[in-house]
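This document starts with one chain, in the form predicted on its own, laid out as structure tokens.
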Amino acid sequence: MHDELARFEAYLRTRGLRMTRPRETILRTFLETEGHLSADALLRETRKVDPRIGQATVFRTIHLIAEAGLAREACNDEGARTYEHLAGHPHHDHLRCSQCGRIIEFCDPEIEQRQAAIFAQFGFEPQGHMMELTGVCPECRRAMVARRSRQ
């Protein structure tokens, strides 16, 4: 986590900002929490450490963390924007259930190769990508079938 703190502090300096105690607390909380977090969920987790931290501070800081390259926006079709930290996580894509919101992370080498070919085909220099596939998970499909059969 020391590398991420140093990287964030360096990024803040380039923006004429400084590392404050609330920003550090928010970053530490974010990095210690696995999965996809909305700003509201991050606020709840951060307030467990320091109840004085405000909503606006968390919202501004999570955007700064993403701009610094320590997080990325994830799974934003509907509802609250969520973020995941990039520290120690290899690249992956997402499969999201449109009914319950369940997220499965996956990496498929064939998809990665095809994406590289598409970048080349159109003359783009790759800088990254996010892929999210949406569908209905097996549990929700079973529940839907059960509801239909009771009707």
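One rule holds for the numbers: they count along the sequence shown, beginning at 1. It should be emphasised that the depicted structure is a prediction, and the values quoted were computed from it without experimental measurement.
A second form of this protein, the form predicted in complex with the DNA, is not displayed here; the remarks below concern that form.
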Location of the DNA contact in the predicted bound form, chosen stretch of 55-63, 96-104, 28-36, 113-121 [non-hydrogen atom, 4.5 Å]: 55-63
Partner-contacting position among Val136, Met130, Ala143, Leu17 - heavy atom within 4.5 Å of the DNA in the predicted bound form: Leu17
Contact test in the predicted bound form: Arg72 vs the DNA, heavy atoms, 4.5 Å: no
Non-hydrogen atom contact His92 with the DNA in the predicted bound form at 4.5 angstroms: no
